[in-house]
Ligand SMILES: Cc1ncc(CNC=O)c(N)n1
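This document opens with one chain alone, in structure tokens, the form predicted on its own.
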Amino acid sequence: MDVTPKPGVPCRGMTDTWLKKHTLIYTGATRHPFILAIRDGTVDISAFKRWLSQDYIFVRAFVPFVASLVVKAWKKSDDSHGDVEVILSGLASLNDEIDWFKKQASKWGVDLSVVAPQKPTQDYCRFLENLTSPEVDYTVGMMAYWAIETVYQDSFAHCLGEGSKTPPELEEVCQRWGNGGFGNYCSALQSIADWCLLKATDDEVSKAEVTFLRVLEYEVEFWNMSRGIPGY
């Protein structure tokens, strides 16, 4: 997906401020040992399969969340920055993503029909469901959307960077989120989120920052679960 930020939309703003302010937890989410193990070629395949099956469940819950943002963008954005079109393009790609997960599961011998969501997956999906509520402000929802997509883009792009030893059989997985086109899409989401924050009330900004941190915490928990850490 190759979507560039719209002209006139700020590309630097509150989101960059929060990335710097919360560098430690952001790094924990994007340079997690699970990701580093993929990058250096030492990842446990059973951990990868666990991630694959649980992320499939997550993506299915992600669809109604993104759909709710399309409705909120239609109602609350002034449409001068193409919010609806940008979000809708992401929603459209999720159909292909679900099909991709099914093909990957078949390739790796994972039976998705018998996979049950583990607690971190349940918690993360419940979080997404809560964000679909009409009472949740569009700015808060956009912050979550940008953060979720950006963690994956940054994480898997790292697995493709200079010096990486990512196993050839996992390169397709990393390319799915680590490619430049998806990076452009995340930049477009960041620009929309920054624009929303410029117009938001102090209360909405506070809630958006809390949501940003919650996404990072859920991502770390998801990676921990994927590695099979006791308690997850």
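Sequential numbering from 1, following the sequence displayed. None of the values given here were measured: they were computed from a predicted structure.
The discussion below concerns the form predicted together with the named molecule, not included here.
Undergrad: Any idea which of 131-139, 67-75, 90-98, 111-119 reaches within 4.5 Å of the named molecule in the predicted bound form, heavy atoms considered?
TA: Single hit among the candidates: 90-98.
Undergrad: Look up in the predicted bound form whether W195 has a non-hydrogen atom within 4.5 angstroms of the named molecule, and give yes or no.
TA: No.
Undergrad: Report yes if any heavy atom of F34 sits within 4.5 Å of a heavy atom of the named molecule in the predicted bound form; otherwise report no.
TA: Flag for F34 set to no.
Undergrad: Using heavy atoms and a 4.5 Å limit, would one call Y152 a contact residue for the named molecule in the predicted bound form?
TA: Taking the distances in the predicted bound form, the answer for Y152 is yes, it comes within 4.5 Å of the named molecule.
Undergrad: Considering only heavy atoms, tell me if F222 and the named molecule come within 4.5 Å of each other in the predicted bound form.
TA: Yes, F222 lies within 4.5 Å of the named molecule in the predicted bound form.
Undergrad: Is every one of W146, A208 and F212 in contact with the named molecule in the predicted bound form, taking contact as a heavy atom within 4.5 Å?
TA: The answer is no; none of W146, A208 and F212 reaches the named molecule.
Undergrad: Within 177-207, which residues have a heavy atom closer than or equal to 4.5 Å from the named molecule in the predicted bound form?
TA: Result: W177 alone.
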